[in-house]
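In structure tokens, one chain follows: the form predicted alone.
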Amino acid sequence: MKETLLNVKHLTLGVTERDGSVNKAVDDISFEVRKGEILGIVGESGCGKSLTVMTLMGLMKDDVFVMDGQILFGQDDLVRVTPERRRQINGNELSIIYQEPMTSLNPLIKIGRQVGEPLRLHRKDLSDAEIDRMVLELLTEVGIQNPGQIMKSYPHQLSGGMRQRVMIAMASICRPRILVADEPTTALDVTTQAHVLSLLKRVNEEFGTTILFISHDLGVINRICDRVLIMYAGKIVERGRTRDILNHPAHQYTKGLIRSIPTRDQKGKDLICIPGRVPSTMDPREPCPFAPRCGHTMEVCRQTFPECRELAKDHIVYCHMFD
């Protein structure tokens, strides 16, 4: 088995509501990220996947806090690192690609300066000329034509796909051990989406970068991820190798996500969807939070959260149907 780079243990995140009450946004989740893999986290909006990775990066909003758990990265617990140590880690050992590059890039700073900024912060031994050369080389590697011209451009002068390539270059320029991609293809057309996925796969293979890929789209996950976690309402409900999850889904929520993927056979027909919605943090929740939307709910589902059941090697599910 591959070396574990990141180990999340019993992570629970609280959110302070407007009325001052505190609710759980992520509830006692545990998983590991292995060296060299691409691990996907899938779920609908509001399931807690982005909150989890923002906590990993130390970028939580003021109303979100860690109630319990650890995020072990080497010798560090990322929940408890000092601000100084966090500055050493972010952008150097851990980097992130955001969902919308137009709001992540500084509109007033040229691309070359922005891409080279992590090197200026973490590689004090490099001269400006050396940094510019490395930026030029990396922009070429991520498939940007005329990189010299792009370095002198501002973000608004680039297309969405080009901006996302710039974000990938900036996130990977220090060769981080783990790269977090938070729904990086959501706002892109299908062709550009394919190019970005191919680029991330190349970063993984050529740079040896481990990638934590966040998405709500199982079709995208199938194209790039080795393993996948299925999250629902702050809980992990299923985990396994991507091919096992897609070919042999166990949890009813996973099955619903797969059924909702449009296919050619559905042309002219209504799209299949999971009834109901993901509960908000303020909504009362059953011990199994998917119970109100599940067509196979039993009385035990309303009494206790199911234990972990191992179905095959590296394939687990949390569901009372397997008791």
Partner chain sequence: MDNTKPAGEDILRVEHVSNYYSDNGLGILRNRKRSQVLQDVSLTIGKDEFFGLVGESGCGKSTLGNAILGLIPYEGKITVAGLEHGRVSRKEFTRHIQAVFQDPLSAMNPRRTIGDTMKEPLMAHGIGTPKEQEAAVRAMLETVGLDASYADRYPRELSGGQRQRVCIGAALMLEPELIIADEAISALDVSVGSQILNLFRTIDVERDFSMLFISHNLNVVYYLCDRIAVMYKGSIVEMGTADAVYNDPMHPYTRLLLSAIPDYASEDDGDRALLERFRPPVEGACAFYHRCPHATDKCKKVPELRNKAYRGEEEHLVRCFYL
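Since the structure is predicted, the reported quantities are computational estimates derived from the model, not experimental observations. Positions refer to the first chain, counted from 1. For clarity, a rigid core is taken as the largest C-alpha set superposing within 1.5 Å between two forms.
Not on display, but discussed next: the form predicted together with the partner chain.
The stretch among 63-71, 50-58, 33-41, 250-258 whose residues place heavy atoms within 4.5 Å of the partner chain in the predicted bound form is 250-258.
Taking non-hydrogen atoms only, P284 never approaches the partner chain to within 4.5 angstroms in the predicted bound form. For the chain shown alone, D189 is a contact residue for the partner chain in the predicted bound form, at least one non-hydrogen atom being within 4.5 angstroms. Q193 belongs to the set of residues with a heavy atom inside 4.5 Å of the partner chain in the predicted bound form. Though the partner is left out of this view, A291 does not reach within 4.5 Å of the partner chain in the predicted bound form, counting heavy atoms only.
Each of N222, L246 and C273 places at least one heavy atom within 4.5 Å of the partner chain in the predicted bound form. Contact with the partner chain in the predicted bound form, defined as a heavy atom within 4.5 Å, holds for exactly one of H216, R241, R87, H122, namely H216. With contact defined as any non-hydrogen atom lying within 4.5 angstroms of the partner chain in the predicted bound form, the contacting residues in 262-291 are P262, T263, R264, Q266, K267, G268, K269, D270, L271, C273, I274, P275, G276, R277, V278, given in sequence order.
With the core held fixed, D62 shows a CA shift below 2 Å between this form and the one not shown. K269 is among the residues whose C-alpha shifts by 2 Å or more between this form and the one not shown once the rigid core is aligned.
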